[in-house]
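We've got the same protein chain twice here, in two forms, each standing alone as structure tokens: structure 1 and structure 2.
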Structure 1
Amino acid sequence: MSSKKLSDEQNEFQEYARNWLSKNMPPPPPVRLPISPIEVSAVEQLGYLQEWQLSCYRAGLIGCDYPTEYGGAGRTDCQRLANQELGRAGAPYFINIVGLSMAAPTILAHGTEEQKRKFIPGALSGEEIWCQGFSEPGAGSDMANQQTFAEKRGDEWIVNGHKVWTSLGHFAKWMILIARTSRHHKYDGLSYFLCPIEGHKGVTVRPLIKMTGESGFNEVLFEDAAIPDSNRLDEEGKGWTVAMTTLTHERGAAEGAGGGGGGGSTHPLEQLIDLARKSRRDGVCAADDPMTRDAIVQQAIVSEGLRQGNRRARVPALTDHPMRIPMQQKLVSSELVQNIARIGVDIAGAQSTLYKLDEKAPNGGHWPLAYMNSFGHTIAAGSNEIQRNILGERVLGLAKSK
């Protein structure tokens, strides 16, 4: 039993990626970046991140495994290595998270030749920002309950409805959109569209302000918005199947096919340990307090488990079910993020009330922001309750919930 050895191409690529990153890391951003790309709201932040994504794309660190005719680098199993190197270098994240991880792989799997050539390059380079229009006020976990309706008129679909929680909708040129095209069938009545957003007639994007003060979320209203039939992805009525491809990528159950990794900040556990070393409670260093040490060690164990899970996923003989490891990793890592933020707030104590603009706030006000945002991790891309259902039913083969 051995993990997959790197091929000559992969070895050469890994070295190239490492060298390129050592010479080309970007200067610090002109304005502070939020924790996650979906909270980017200032045009200066957008410009900085788009420039960085474009530069990585041109260097071949994004879309590594995509065919060259669709704007990729035409390599074999190299994206994973690029992602590792980006993380190791502490590179900024890529802004076009929906384009890279959801739209591009879905178009590659279901698109026509023309759609692949037209849409994939802009998604990989980050020049065209994508958003995801799946959630509606009554269709989150029950995703098949879509009520946004698309009616065929000639060569166009006329869309009316209301999407919500649309991350990055305020910058998006395109949306991956599921809409109902028949009222008679629940699943078979859905179709999948590549919908123009920015400046498109009949489309209104309205930001939603979160408790953190950030406005990454939006609601998107469609009032007689027209989409050409050539922007329908796959057959009419096949939207549910296409959406499952998107969700497989979004929930992390598809390895390697995404256009590019997130780049990466340092692991939040290291930040937590650093905070504990620098904080004092009743005159004692927090890192010496047995309760605090215990809480951190518990998270360190989970973190190491996740690391080993990632390694295990690369040993073919150990992957009994393709969804098992990536799905359990998403479940556990989202809870880890939440626990680390909670412990950080605990350690910072009264200083946790100091927010991002306060000079005395520990880690520049990271902890209250991380804590408030941490709840989104266990909800986004399907809530953890739903993840548990899927793992129970589809991976462990338990009885279906009624």
Structure 2
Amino acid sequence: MSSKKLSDEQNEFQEYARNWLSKNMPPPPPVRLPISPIEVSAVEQLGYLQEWQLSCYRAGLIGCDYPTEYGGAGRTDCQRLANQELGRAGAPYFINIVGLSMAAPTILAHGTEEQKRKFIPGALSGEEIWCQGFSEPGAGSDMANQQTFAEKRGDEWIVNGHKVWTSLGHFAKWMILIARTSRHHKYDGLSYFLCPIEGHKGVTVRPLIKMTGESGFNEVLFEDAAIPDSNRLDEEGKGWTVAMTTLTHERGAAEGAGGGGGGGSTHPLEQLIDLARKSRRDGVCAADDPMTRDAIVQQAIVSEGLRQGNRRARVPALTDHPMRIPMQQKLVSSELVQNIARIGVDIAGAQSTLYKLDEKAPNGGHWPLAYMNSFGHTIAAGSNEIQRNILGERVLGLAKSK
């Protein structure tokens, strides 16, 4: 949307956000930050990013469109402007990615008045870190096959089971948790809970070391862990419906409660072009190589398609199916991230074997790290294979897969 179409409130807010960021960008972090918040593993990284998120929250750049009684700023359609300005400024990302893009919007949509007042402010400020308990070792991307079981005993639910790929679980105070509450119904046998994690009896968090050497992922084991019934989100047996709200936001259907910046770096496509200009292939500049130029242009076309898809998503008259655009965007954007990283590795050539601690590694070892991390994007929020099946069956009306 051009600035000419912004309301007076939006114009005033955009100018305020731009000015605030020009004066309040944080100093360099005390330790190197990973590419995304889900790889944050050191307490020094956590402290730096929590302080930055809290500063932006107090400045009104997070939760812009949330009601004031739930800790928001009470504005109208200003969050996307804040997200744009944060990205334009190259600001560090926000650490509480699950809290902002999944927990807060789901609680806002399905929570009781008490739950909204209790949980949303801490998620917005970043003072309470959230993680997601959807994936299980035996269920893969099939969320309907959840085996973690919650049994009702009085006013509590006793949870037993095993979750995996739990980003930021090692720092989390709360988890959005899907658990089976009936073994007789596949979809209607699931319920959704706001589960305490940090120091909670019966909950064990174990880090998983990835091939990058980072440990942002975890597995979480529940052994007779008690959750009060007041922490159940929506009705018993409505977990599948509530989880669809979470996944819709996770797949980027809305602006969330705060988008953060780009980790203090430029856009990946711009980084790729810069790498090509500084690298040489067969004695000539890589940016002058026709094959390299074509590969970069193909990704630029996809990137522009995603940008236009986001614009289309904001126009109700152009939305023919509620699932189409968010699922398309997630599918294509995750493969764009992977393709850009792969081309970066190709351009860097033999130097792409140098790891991030090698001073001769191009861009501080960014490209091989980005390529290895990119596989997580194609699995998160439902693997891309699952996304294609859903798009084929529910949007295009193709026959169900067996």
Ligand SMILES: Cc1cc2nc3c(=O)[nH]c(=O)nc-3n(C[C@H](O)[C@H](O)[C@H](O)COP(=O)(O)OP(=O)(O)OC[C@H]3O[C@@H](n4cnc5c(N)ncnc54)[C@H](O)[C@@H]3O)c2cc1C
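Between two forms, the rigid core is the largest collection of C-alphas that superpose within 1.5 Å. Structure 1's sequence is the ruler for residue numbers, which start at 1. Computed from a prediction, not measured in an experiment: that's the story for all the values here.
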{"property": "Identity of the form predicted on its own, given as 1 or 2", "result": "2"}
{"property": "Core-aligned C-alpha movement of Arg324 between the two structures reaching 2 Å", "result": "yes"}
{"property": "Core-aligned C-alpha movement of Asn389 between the two structures reaching 2 Å", "result": "yes"}
{"property": "Rigid-body rotation angle between the two structures, smaller part relative to larger (whole degrees)", "result": "7"}
